[in-house]
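Only one chain is shown below, in structure tokens, and it's the form predicted on its own.
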Amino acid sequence: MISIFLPGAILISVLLYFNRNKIVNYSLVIFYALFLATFAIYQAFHQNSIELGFFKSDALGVLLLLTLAVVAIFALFHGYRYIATHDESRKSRGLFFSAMTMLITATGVAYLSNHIAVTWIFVEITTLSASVLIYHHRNTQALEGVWKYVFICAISITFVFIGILFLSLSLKQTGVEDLSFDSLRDNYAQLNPFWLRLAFLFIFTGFTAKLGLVPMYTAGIDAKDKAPAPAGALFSSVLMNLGFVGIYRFYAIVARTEILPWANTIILIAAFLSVFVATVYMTRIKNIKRMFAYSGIEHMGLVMLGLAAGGIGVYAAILHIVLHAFVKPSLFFQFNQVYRVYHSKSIYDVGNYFKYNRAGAIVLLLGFISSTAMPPSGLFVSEFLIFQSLFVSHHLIILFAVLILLTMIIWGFGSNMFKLLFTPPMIINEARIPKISPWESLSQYLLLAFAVYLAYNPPMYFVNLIQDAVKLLPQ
């Protein structure tokens, strides 16, 4: 199916770029959404099948591909609303949807990659397509954002490439040349520990740019702030999941070797620093989109804490990235409506949102509760399991420190959200506020409700996918 989906999706992306007819353009977008959904369902029914020698639809890939399909369809709809409410040229509209479809395609195919070099190639394609979306507004701020993103991602992809070179050196004595993840797991006992340490250090650091983790988290912050909100929703969810896939598949090899305790220490340090950095910024930040972006850094830090703690923490980490991928886009989609009301990202220029868009204000309130993992948020379940794994693995100091930091994040996040929702703005011309249909908030309600459903009443198929993904690690 990849042999059909990949060239088909690339063809649609090219047609979207060259086509200038609005009806044809939106027809192609609808066809792509159906094509993507069909592809994801097909892979779900053909689990563990190998295609083209480099792709394997294992449980982790299928789980994240299904998540991607749901989020991407909503993102394409909000992309349509974004274009419709802005005075976009035909060329700008075509370029926007062309880049969106290419980004979604490259991310989905990378999930299924069973070869580290192939993963590297598709990660690079996501960087290029994301850069087009970040520069969509063609202004100075967008130019600054895209250069920062390209520069940091170029360094990160170079790091991954150097890591692959060290990985091949670790296999030099064995005569094994296959760098597929399956082959590396089968031959883990023959990997040279010295070269493997260096490979892990570079590959882990490289993928932190996509995952949104210290040290390369800054690439994603500017990208989510400068790009249109529907693209920011993809950056803050499915693209971050791509970073997790890259690290998790390589971690599954390292977890079988003697360097596992050392690797866990590296992950714990990066994860804790990520939560710390998110806390520092979220208690001071006044830019609403950047606040949502830093919230993602916090959640990815928690995910990696669960992975390093092991035990139930691995299950919780995978559950957390899926639930986070539904919760965070709902906030970015809603921001689109907030901006249409106030024409500003600054918390100083907004307020009393309940008065101007009640359905949207409830989404923001529910999104705040969900994102901060307060009951009945779905993320409450996965965070509780991550804390349980830290306790069981005797990381008590980290656990208490993280709990204090999360309390500060709730305070900072809550202060800004309640200012937006309830406090009257200093200056506003109410006559110019557009009327926003409650139906435009429907997708956000569905995403938030879906996260709660998967956390508290998960279907057995969903649970089995996570459990099978956990089995990639040694039991």
Partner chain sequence: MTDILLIMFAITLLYMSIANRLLTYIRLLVLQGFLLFGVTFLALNQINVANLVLILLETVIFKAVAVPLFLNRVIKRNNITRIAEPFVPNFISLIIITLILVITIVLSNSIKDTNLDKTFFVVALSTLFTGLYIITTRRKIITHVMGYLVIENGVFILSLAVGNEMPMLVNLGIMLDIFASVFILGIFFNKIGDVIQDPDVNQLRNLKD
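What you see is a predicted model, and the numbers here were worked out from it, not measured in a lab. Numbering follows the first chain given and starts at 1.
Keep in mind that the form predicted together with its partner chain is missing from the display, and what follows is about it.
Chemist: Please check if Ser131 has a heavy atom lying within 4.5 Å of any heavy atom of its partner chain in the predicted complex.
Modeler: Taking the distances in the predicted complex, the answer for Ser131 is yes, it comes within 4.5 Å of its partner chain.
Chemist: Taking the shortest heavy atom distance, is Val150 within 4.5 Å of its partner chain in the predicted complex?
Modeler: Yes, contact at 4.5 Å.
Chemist: Mark Gly367 yes when one of its heavy atoms lies within 4.5 Å of a heavy atom of its partner chain in the predicted complex, and no otherwise.
Modeler: No, Gly367 stays farther than 4.5 Å from its partner chain in the predicted complex.
Chemist: Are any of the heavy atoms in Phe207 no more than 4.5 Å from a heavy atom of its partner chain in the predicted complex?
Modeler: Phe207: no, not in contact with its partner chain in the predicted complex.
Chemist: Do heavy atoms from each of Arg197, Leu465 and Asp468 fall within 4.5 Å of its partner chain in the predicted complex?
Modeler: Looking in the predicted complex, the three residues Arg197, Leu465 and Asp468 all stay beyond 4.5 Å of its partner chain (heavy atoms).
Chemist: By the heavy atom within 4.5 Å rule, which residue out of Arg93, Lys226, His78, Arg249 makes contact with its partner chain in the predicted complex?
Modeler: Comparing distances to its partner chain in the predicted complex, the residue within 4.5 Å is Lys226.
Chemist: Exactly one of Leu201, Ile312, Ile157, Ile83 has a non-hydrogen atom within 4.5 Å of its partner chain in the predicted complex; which residue is it?
Modeler: Only one option qualifies, and that one is Ile157.
Chemist: So which of 371-379, 346-354, 312-320, 165-173 is the stretch with heavy atoms within 4.5 Å of its partner chain in the predicted complex?
Modeler: Correct option: 165-173.
Chemist: At 4.5 Å, heavy atom to heavy atom, what parts of 386-410 sit next to its partner chain in the predicted complex? List them in sequence order, or say none.
Modeler: Contacting residues: none.
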